[in-house]
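Given next, in structure tokens, is a single chain: the form predicted alone.
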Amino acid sequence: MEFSASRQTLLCSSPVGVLDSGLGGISVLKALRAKLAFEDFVYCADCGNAPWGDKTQAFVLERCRAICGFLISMRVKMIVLACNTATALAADALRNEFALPIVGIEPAVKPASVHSRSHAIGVLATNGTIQSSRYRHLLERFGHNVRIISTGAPGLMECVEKGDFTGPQTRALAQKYLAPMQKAGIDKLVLGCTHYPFLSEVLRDILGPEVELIEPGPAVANVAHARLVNINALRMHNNSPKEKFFIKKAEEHTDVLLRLWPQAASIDELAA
């Protein structure tokens, strides 16, 4: 019993790992920080190999394996895939290969469909997510009695990575991708990429106040909280909760990271 108790204490004090192809997963990290106030986090961004949305499944799986291995070497107690593409293309394989809990993310088609008044919703995501079998199954399960306009949006993720949240190029791309949705009369827009919440100002400006943007972060944070409670690993006390950031090509992306997470104090190169 004494060994078990000390082991449980060590597990509770271990950090939570978060991975994404780039910096968009910080939108999920913000929700995690709000829900899991006492946890430490290790955030890994594969910026040097981004975007993942147009890469092959084999490539995405290899990068996820490598980064998960790195996070496990940092003794994390859970890994959150703060990336729709990673979840769609790699989550099942990762769960089969690694023993610790792995929390994924998927476009919020179900709540958008249930609450749509116009019976038309839009899903903005990467091509990798839109073309995945996981996404097709999602539509089959929750896409009844509602029209779903699914749009791959190449280029928008890159705008966020460059720190261009509201510029002319970002606005032009957003208008292009949203035009068919506006024509269809959507009243919900599902943000199917964790980068897109950082473009909310432009998206709301184009769509108007009658269209609700549905972000993925809070739902992921709720699942992560529940999983930690279930394995008795939720940290209840921490005088100085912190985040460590490991970024592929960190020097090139530090400025944007600090715009998204100004309090970042530990930023290192991702060696995985």
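Note that this is a predicted model, so its numbers are computed, not measured. A residue's number is simply how far along the shown sequence it sits, counting from 1.
In what follows, reference is made to the form predicted in complex with D-glutamic acid (DGL), a form of this protein that is not presented.
Only one of Leu178, Met157, Ala112, Val103 comes within 4.5 Å of D-glutamic acid (DGL) in the model of the complex through a heavy atom, and that residue is Met157. For the candidate set Leu199, Ile121, Val80, Cys193, a heavy atom within 4.5 Å of D-glutamic acid (DGL) in the model of the complex is found for exactly one residue, namely Cys193. In summary, the region of this chain contacting D-glutamic acid (DGL) in the model of the complex, judged by heavy atoms within 4.5 Å and restricted to 241-249, 220-228, 203-211, 49-57, corresponds to 49-57. Interface residues of 12-30, taken as those with a heavy atom within 4.5 Å of D-glutamic acid (DGL) in the model of the complex (partner not displayed): Asp20, Ser21, in sequence order.
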